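Before any questions on how it binds or moves, here is one chain, the form predicted alone, in structure tokens.
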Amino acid sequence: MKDSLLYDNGHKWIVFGRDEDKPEKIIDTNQYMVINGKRAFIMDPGGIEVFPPMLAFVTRHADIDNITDIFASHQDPDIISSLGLWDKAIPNARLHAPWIWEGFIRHFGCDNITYVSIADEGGGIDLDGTKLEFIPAHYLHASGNFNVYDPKAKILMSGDIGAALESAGAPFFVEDFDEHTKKMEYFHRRWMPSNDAKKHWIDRIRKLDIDIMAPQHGRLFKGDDVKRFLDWFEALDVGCANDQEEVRKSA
């Protein structure tokens, strides 16, 4: 696993990923942590198979007792199946996750950590004076789904929106946007089911000041590539599974 500092000005954003030691058929994932004051907040902490390196890497940056909060954007196992292990490591922490997925996420183990339900309209967390916002992203691709926006760092953790499935050796940031779209198109056309939901999300996100868009898979977008992604995603027709000809073209 590798880590990279994304922002450091009063508080820190760190990305963890590119785990070359993961099992071959396990997709690579990006995990994120914000540190502000004496509190640390982990977003989409990953599957059960990445818990050992994640624990080792996050404790290089923050004391285990300072990890007070976790966020799960939705219920997928690559995002939160490590919950049962975090439940033992940080039993006094809180898990912020969509209310609709509580009965499913608890299957991963949640005996000690407090489940804090996020309402459909969103919410946020005050991390020692810095407010992070939970931005609704419903049906992109889960029926209850959220992003995390930090107005101070101008970073949007976008979950599966912006994701690309590629090797663990890939760089953290997009280097050639047009070339990168080839790695995103099938994922977005197949996993994102609703053009209407896509439009609602884009309209909301265009109002935010974003320097970095940080998805849960693949490379991060920075600067002008954030707007390029929004324009590209807006023009993309999604929900292609029922059109087998379109599936073949996209795959």
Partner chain sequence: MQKDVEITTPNFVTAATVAAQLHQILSMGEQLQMTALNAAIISARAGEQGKTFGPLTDGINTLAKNIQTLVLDIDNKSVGFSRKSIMEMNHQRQQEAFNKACNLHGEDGPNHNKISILRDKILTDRNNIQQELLGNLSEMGHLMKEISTSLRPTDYLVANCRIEASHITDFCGAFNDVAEMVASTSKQISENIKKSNSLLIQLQETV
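Residue numbers count along the first chain shown, from 1. Treat the numbers as computed from the prediction; the structure is a model and nothing was measured.
What follows is about the form predicted in complex with its partner chain, which we do not show.
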property	result
Partner-proximal stretch of 178-186, 191-199, 215-223, 56-64 relative to its partner chain in the predicted bound form, 4.5 angstroms, heavy atom	56-64
Contact label in the predicted bound form: A89 to its partner chain, heavy atom within 4.5 Å	yes
D231: touches its partner chain in the predicted bound form, heavy atom cutoff 4.5 angstroms	no
4.5 Å heavy atom contact, P136 and its partner chain in the predicted bound form	no
Close approach of L127 to its partner chain in the predicted bound form, 4.5 Å, heavy atom	no
Candidate site D120, G123 and G144: all three near its partner chain in the predicted bound form by heavy atom within 4.5 Å	no
In the predicted bound form, the residue from L85, I113, A164, I100 that sits within 4.5 Å of its partner chain by heavy atoms	L85
Partner contacts for 38-52, taking its partner chain in the predicted bound form and a 4.5 Å heavy atom cut-off	I48, E49, F51, P52
